[in-house]
Ligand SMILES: C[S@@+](CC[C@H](N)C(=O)[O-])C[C@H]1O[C@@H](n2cnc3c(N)ncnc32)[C@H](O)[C@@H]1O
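One chain follows as structure tokens, the form predicted on its own.
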Amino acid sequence: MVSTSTNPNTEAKKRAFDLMLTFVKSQCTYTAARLGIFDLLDDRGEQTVEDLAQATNTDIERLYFILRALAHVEVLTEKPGRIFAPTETSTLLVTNKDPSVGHLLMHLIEPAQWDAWKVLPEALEKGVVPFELANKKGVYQYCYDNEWSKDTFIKAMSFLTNSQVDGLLDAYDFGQYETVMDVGGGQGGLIANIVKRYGCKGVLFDLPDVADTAREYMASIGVDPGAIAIKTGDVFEKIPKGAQAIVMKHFISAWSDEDALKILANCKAALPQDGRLILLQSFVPDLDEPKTEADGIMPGIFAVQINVATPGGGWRTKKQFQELFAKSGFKLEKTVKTSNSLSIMEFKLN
């Protein structure tokens, strides 16, 4: 008689093999996105591997291995005759149209980011930032110095905003403020949507290089750029006054506690006494909280990526953020959960 019992180690072994080969899935997906494979399939429909290789100037047989692997994990569909067709997943990864998850993927897996992971053991021993150890400069400076990296990073951040903004605006009333300022707001997608929904005045504050394309981008999503004041500068030096509410989305988590306290001190100086500082953030769950958010993001995993790339401690728990803001003279008023991985913490001056 043949035993039909399941070895108790089977699932553990599957998990172990998946963990060791997850990098292959990531690199295949990155390569296809960087070559424009997903764009070609979205524009032209299903194609043979020969056609895709010709369009991307790549070796047919080696490209086939990558596309077949992507079909095995259901990113693409393979049909007889080595024909590949797009899927709902590959459509999300298209990068020749609007900012997409494909831009976020390429930003997180580009070679400079990958190099940081390769030196992670050494960086842990030295107590330094892996990205800086591998690339001899910080991640933001690297992006600003490399046009493709900068463009991809800006679009990746715009995608994150676009994917979360509806849930945010449904959960929180920004109409209670006359003027809202987005600190570290990139191309202005968040503040543009706030102004569009609630009719308040808006201010975008970021570095000059980041804000260069803001007016064009805001116009492309149907918002009059003239309705939003664009101000540039350094958050470590001064944040402009004039707003009743300051919004920071996934911005403060990129900095260490020491640097974050400097930024928060400048926020406090910029706000009126009855002003509000609104943190928009994914929180690392405590031990008794779910590890995966409704939109599929695992904050505890994402926090490692932030930690590997930036001098900040990565994403924090709600309690850690509350304690950090309290040191800067802010008192938590309320916490609001949205329909995605984003949450809201509203602070007033203490």
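One rule holds for the numbers: they count along the sequence shown, beginning at 1. Just so we're clear, the structure is a prediction, and the values are computed from it rather than from any experiment.
Missing here is the form predicted in complex with the ligand; even so, the following discussion is about that form.
Heavy atom of residue 148 within 4.5 Å of the ligand in the predicted bound form: Contact check for residue 148: no, nothing within 4.5 Å of the ligand in the predicted bound form.
Is residue 255 a contact residue for the ligand in the predicted bound form, using a 4.5 Å heavy atom cut-off? Taking the distances in the predicted bound form, the answer for residue 255 is yes, it comes within 4.5 Å of the ligand.
My question is simply whether residue 99 lines the interface with the ligand in the predicted bound form - judged by any non-hydrogen atom within 4.5 Å. Looking in the predicted bound form, residue contacts with the ligand do not include residue 99, since no heavy atom lies within 4.5 Å.
Residue 202 near the ligand in the predicted bound form, any heavy atom under 4.5 Å? So residue 202 does not count as contacting the ligand.
Name the stretch, out of 108-116, 70-78, 218-226, 245-253, where some heavy atom lies within 4.5 Å of the ligand in the predicted bound form. One stretch meets the cut-off, namely 245-253.
Any chance all of 185, 206 and 236 sit within 4.5 Å of the ligand in the predicted bound form, going by non-hydrogen atoms? All three within 4.5 Å in the predicted bound form.
Counting any non-hydrogen atom inside 4.5 Å, which residue from 161, 135, 90, 152 sits next to the ligand in the predicted bound form? When the ligand is considered in the predicted bound form, the option within 4.5 Å is 161.
Heavy atom within 4.5 Å of the ligand in the predicted bound form - residue from 168, 195, 157, 94: After the contact test, the surviving option is 157.
Heavy atom within 4.5 Å of the ligand in the predicted bound form - qualifying residues of 118-147: If the 4.5 Å heavy-atom criterion is applied to the ligand in the predicted bound form, 118-147 yields 140, 144.
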